[in-house]
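Shown here is one chain on its own, the form predicted alone, set out as structure tokens.
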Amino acid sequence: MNAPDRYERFVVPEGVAKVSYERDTKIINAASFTIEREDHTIGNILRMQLHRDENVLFAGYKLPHPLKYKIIIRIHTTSQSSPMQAYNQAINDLDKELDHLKNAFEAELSRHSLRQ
């Protein structure tokens, strides 16, 4: 079987950055971010969050190969923002959203367990 070991899906190799940034030399305010050891789950969530930003003209991702565990996110922004700013803002917004979801879940869980 030519599939990599299971741990390779999650463990970032030594010397490899989790996220790398590459500016596009042909299009102004465009860049690609390579995120190691992630898949469609993070790619789609991040893409949708980027689409909520009014300064983002384009946001998309691709999984280059099913056996290579990385995604490439492409971002093109207006002149009022940079791809790096849009990426950081999207990550921060998702962090806040997930924190809110966790707190709401825990509150509901404790409310439910008090009734029993």
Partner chain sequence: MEGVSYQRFPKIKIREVRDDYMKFELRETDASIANALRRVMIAEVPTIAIDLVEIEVNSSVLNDEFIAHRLGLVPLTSERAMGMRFSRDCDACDGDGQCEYCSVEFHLRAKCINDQTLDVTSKDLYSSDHTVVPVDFSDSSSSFENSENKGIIIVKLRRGQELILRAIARKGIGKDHAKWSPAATVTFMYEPEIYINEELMESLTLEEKREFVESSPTPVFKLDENTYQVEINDAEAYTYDEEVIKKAESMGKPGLVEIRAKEDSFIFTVESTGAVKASQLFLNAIDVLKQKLDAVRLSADTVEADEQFGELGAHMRGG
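Positions refer to the first chain, counted from 1. It should be emphasised that the depicted structure is a prediction, and the values quoted were computed from it without experimental measurement.
Only in words, not in the display: the form predicted together with its partner chain, which the text now covers.
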Non-hydrogen atom contact Ala3 with its partner chain in the predicted bound form at 4.5 angstroms: no
Please run the contact check for Leu98 against its partner chain in the predicted bound form: heavy atoms, 4.5 angstroms, yes or no? yes
Going by a heavy atom distance of 4.5 Å, is Val16 a contact of its partner chain in the predicted bound form? no
Its partner chain contact in the predicted bound form: Met84, any heavy atom under 4.5 Å: yes
Which residues, if any, of 92-109 lie within 4.5 Å of its partner chain in the predicted bound form when only heavy atoms count? Asn92, Asp93, Leu94, Asp95, Lys96, Glu97, Leu98, Asp99, His100, Leu101, Lys102, Ala104, Phe105, Glu106, Glu108, Leu109
